[in-house]
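First, one chain by itself: the form predicted alone, in structure tokens.
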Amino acid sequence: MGQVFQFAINGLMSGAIYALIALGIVAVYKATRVVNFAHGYVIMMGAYFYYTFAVLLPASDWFPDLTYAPDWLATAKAEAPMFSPAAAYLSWLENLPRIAFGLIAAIIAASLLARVIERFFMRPLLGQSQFAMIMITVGLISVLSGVKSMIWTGDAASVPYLAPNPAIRFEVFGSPVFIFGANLASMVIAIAIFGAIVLWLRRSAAGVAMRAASEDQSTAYSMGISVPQVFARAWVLAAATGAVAGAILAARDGISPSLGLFGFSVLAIVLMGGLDSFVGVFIAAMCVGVLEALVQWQLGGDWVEVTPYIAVLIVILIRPHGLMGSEEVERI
């Protein structure tokens, strides 16, 4: 029973990150009715932005030293037992300035990238077919991948965790359970951001404008809603949350070009939950996260990559519009 709990909590932690990534896909779809196939590569760019501002720049000779190193902290680190929770907290505190600088700068850089994409690639297609806009997002995969290769190398690298990373050990039904503190904190951060943004989109005038623009752009224009501004806001929101998710993934798995492939797995989760349902996507993300963890436990890692696709196929066969997606009826 303890092993089941261990893998279930690991799955929930992964599912929360999936939900944060899926938030960006759903936000863009609800605003534009366009499925953004390039969202995984936007996340990859966000991760590399975090790597640049939290690791590369602080290591440069000309850049200000962002290490927090007062005398009391150095003394406490020297006295703390190696690999102890105290050592983990003190190490995180020492790196906190560059973590904060790296995350804030990554969010800003990813948001600026989203504005460029929306302004120069998506906005010229306003009023055109959705298929054309979708194909632009497919083309953006190659563009972003190429930009990444021109700026950064393909070597894997590590970045600092967003939260302290002590090893948490406890027992469930007599079986030991082991959790890294940074992963648990990342789950809390992801769920908090997801909930706050969904609440803002549902209660704010910006969220109402986003839903109106997705239903009928012409009517939204006539009601005084700036559709281009809605599009821009959705893309910036997706990129900003994607930057946070990218930083979490980079800290957990290391930074590499393979981060861009995360978007395809999450796209399957979005289809499973419903393209226009935040609640459905959250439920689907948590279910897939737990399912992947249990599959890895019972069948091995080779089956993990296909698990989201098998799950979405089963759900779509039963509910073509997803778990909680809106069923659209077209009258001829």
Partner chain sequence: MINGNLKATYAADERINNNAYKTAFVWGFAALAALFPFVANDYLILIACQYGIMVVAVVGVNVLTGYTGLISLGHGGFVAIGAYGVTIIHAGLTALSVPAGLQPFIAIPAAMALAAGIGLLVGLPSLRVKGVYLAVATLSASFIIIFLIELDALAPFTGGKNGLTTADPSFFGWVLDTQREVYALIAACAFATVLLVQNLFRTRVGRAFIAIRERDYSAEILGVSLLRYKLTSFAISAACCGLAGALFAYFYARVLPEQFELLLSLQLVAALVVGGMGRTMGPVFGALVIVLAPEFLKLTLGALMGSTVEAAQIRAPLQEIFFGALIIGFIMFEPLGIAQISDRVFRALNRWPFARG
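Remember, it's a predicted structure, so these values are computed and weren't measured experimentally. Positions refer to the first chain, counted from 1.
Keep in mind the form predicted together with its partner chain is missing from the figure; the text below concerns it.
This chain appears without its partner; in the predicted bound form, the one residue of S145, S256, S111, N95 with a heavy atom within 4.5 Å of its partner chain is S145.
A heavy atom within 4.5 Å of its partner chain in the predicted bound form is found for one listed residue only; from L291, V35, L57, I283, this is V35. Site residues I136, L140 and L267 are all in contact with its partner chain in the predicted bound form, judged by any heavy atom within 4.5 Å. In the predicted bound form, at least one heavy atom of L261 sits within 4.5 Å of a heavy atom of its partner chain. Residue contact check for A16: none of its heavy atoms lie within 4.5 Å of its partner chain in the predicted bound form. Residue contact with its partner chain in the predicted bound form: S149 places a heavy atom within 4.5 Å of it. When its partner chain is considered in the predicted bound form, A69 lies well away from it, no heavy atom lying within 4.5 Å. Screening 176-184, 74-82, 208-216, 127-135 for residues having heavy atoms within 4.5 Å of its partner chain in the predicted bound form returns a single hit, 127-135. Residues of 289-310 lying near its partner chain in the predicted bound form, listed in sequence order, are D302, W303, E305, V306, Y309, I310, the criterion being any heavy atom within 4.5 Å.
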